[in-house]
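Listed next as structure tokens is one chain, alone, in the form predicted alone.
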């Protein structure tokens, strides 16, 4: 049972794999209150969000109308939060809508372009509404990225391999892109060429960032989310790897983000910024 100080939360994408985990996490967290659940899957409309998530009846039906759900959250005494795990094609509009209603977005969906993120940041600043865009909610991934930053000071050659389930719509993953961005902040270029390469099949060497970092994407059923950052130097290879075996590993980061976003008045990108 929610109390008057509970944070009202709207979960967008509530019937998806990540959305169901978020619903369960909110239901088991005393200071959070699920006030609305949204999903476009016609097979779950009207069903109880808790029953769909497998955590019992929550008396919150799944709706297909984000606007009315955001409006509902504005009626609560406390500032509301929208947790969004939907499709890359929808996320930009979803975030703008939430900010317009004064609902703080916590975004786990990747696929936003740098221009879209800049536009959302300007919109959030103008509205003084906090927003968190988190490519990866795993604490382990944050630690991998921090270790990679340290290693990149001493290695000039690095490539990134990211592996995900075959229902992931965007490539490379937002986490891999963010990892490359973190390495690029050192201001150095990687992988100086030692030979003129020829790709007999386009894309064989992966995508290439402006700093020379190669990113390779693998999509297979049976995978969840995995990433390797491989550094090379004469006589040695240094590999950092993070593996996800269950989506519940993201929930501590999601809960932390729901609480922290209420303290913000602008857009923040990356879990490491709020730890």
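Positions refer to the first chain, counted from 1. From a predicted model like this one, the values you see are computed outputs, not experimental measurements.
Keep in mind the form predicted together with a small molecule is missing from the figure; the text below concerns it.
- For the options 32, 35, 55, 40, the one in contact with the small molecule in the predicted complex, meaning a heavy atom within 4.5 Å, is 40.
- Taking 205, 96, 90, 157 one by one, only a single residue has any non-hydrogen atom within 4.5 Å of the small molecule in the predicted complex, and it is 90.
- Partner contacts here mean any heavy atom within 4.5 Å of the small molecule in the predicted complex, and among 75 to 83, 98 to 106, 193 to 201, 129 to 137 they occur only in 129 to 137.
- Taking non-hydrogen atoms only, residue 181 never approaches the small molecule to within 4.5 angstroms in the predicted complex.
- The small molecule in the predicted complex comes within 4.5 Å of no heavy atom belonging to residue 125.
- In the predicted complex, the small molecule sits within 4.5 Å of a heavy atom belonging to residue 170.
- Using a 4.5 angstroms threshold between heavy atoms, residue 17 counts as touching the small molecule in the predicted complex.
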